[in-house]
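In structure tokens, the next block holds one chain alone, the form predicted alone.
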């Protein structure tokens, strides 16, 4: 077995083993802090193996290793293989997952310190299980194994969103996230069935023909819309902020929601055959980018601003992949993972200090929390795409790819989203970190080293990851070239304008009010119109369909089974009368039968 495969196995199964140990040994799990440190140790080992694997892959960019075993034997062959695939794409995503997960776990040591010991152990058990599930998805050699990781990630998301399950809103948010994503996952399951029917396998590079590829990719995209929160299946993500803030950084900013984008990158040979699907992706991604950015502008909860920002940035990625810019979409996934995880953890640091999610309670934090303010500025500027930071390089690729593919209107939509991104992040910065100290901020202070170290670690790639784009492109076998042209300048100029407008409106101690022009949108967002639409659809269509299926099952399927049983019992009751138990009757029947057979033979 080669070194890369061994490293991948260490990265994958170390957190899996820790999750199993903590789950099966309740006394250890209930120790709280010791259990947490064991989980962090497993995460650090997984991260170390991932860093080594990534560095080794950088030195061998053309390497593509596959280690698998046959599974589900059928007709002398295997229905599928399970194992590991090591190439530039999987090695890069493995590093992203393990780095963010490690930072989140270390941050949680301080952030979750006040939790009861048993709950803390449960929290870190879920974390270890998540790392395993996500890496199972990332390292999958085919779509079938990815499906198992995909579903386990969804299960872990449900458990972590509902961590405070005694809180009704958290329990409801967990169920909502589970059902919306499971509904979308039906598309992935059906895509597997269609793919196997036409190709006899589950390979990434299958070529079933343009028409079949269109059907398969549309089904895959339905799953992506659920997992990566694209309109109109984005409704679960803002509610998922009911989970602890580190959970938001891990699942709903950097890794779990990126699984849909990763799926498209992996199956790009399939999507390349489906022009119609890619066009759908461009428009849905572009609309989601603008729609979610507008709603982020009217939020007052700092976590919900970042949640809608995540929806918006995922829209950028989906639109880029639809336009054929695989490098733009995948590189933005990578850079976004770093600066959005940084923003969520910085927001967690603030929430931990002021005990509130509302930005109106956070004024003047720069005077009390300088490190958190600095890293939040870095994350915000990178997210907005200001030149020199990581987000600029990946956004530039996306916008350039949109123009090169001839999608002028979506390009303009993404330019508008770039302005809105800078505006809503400027709104957060100026109201939460600058101006006069609020009452709750007067006693705010930085967290311990466990909270500060992850912020510094994530700020480094948020600042400098863009400068290594060409190395990443070589490892991913994609083309990259930075063009400092008018299009890139337009996006950067709009981002700077967005910050300037935010400063004019909020930079002088103004309250965190909704801009007048956006108040109708704020009312629409607060009304939960999409949620009510889905609830109505469930009542009108879902319940009636379920009732019809229940009637069919109860009276047709069960009725036929009950009828066959009744007929068998009745026939048995009738036939048993022939068994009188009287020997003379049996002798008479035998004699009569012999006579009848003899007569039949003679007469014949």
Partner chain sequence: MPLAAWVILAAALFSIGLYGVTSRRGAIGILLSVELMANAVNLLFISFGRYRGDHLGQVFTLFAVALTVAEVVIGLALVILLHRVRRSDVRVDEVKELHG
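Think of the rigid core as the biggest set of C-alphas that the two forms share within 1.5 Å after superposition. Since we're looking at a predicted model, the values are computed, not measured. Positions refer to the first chain, counted from 1.
Separately, the form predicted together with the partner chain exists; it is not shown, and the next lines address it.
**Student:** Considering non-hydrogen atoms and a 4.5 Å limit, does the partner chain approach residue 579 in the predicted complex?
**Tutor:** Flag for residue 579 set to yes.
**Student:** Using a 4.5 Å cut-off on any heavy atom, which residues of 279-314 would contact the partner chain in the predicted complex?
**Tutor:** Going through 279-314 in order - heavy atoms within 4.5 Å of the partner chain in the predicted complex - there are no hits.
**Student:** For residue 572, is the CA shift between the shown form and the other one at least 2 Å following rigid-core superposition?
**Tutor:** Shift of 2 Å or more: yes.
**Student:** 2 Å or more on the CA of residue 13 between the shown form and the other one, with the rigid core superposed, yes or no?
**Tutor:** No, because once the rigid core is superposed, the C-alpha of residue 13 moves less than 2 Å between the shown form and the other one.
**Student:** When the rigid core is used for the superposition, does residue 593 move between the shown form and the other one (threshold: C-alpha shift of 2 Å or more)?
**Tutor:** Yes: residue 593 shifts by at least 2 Å between the shown form and the other one.
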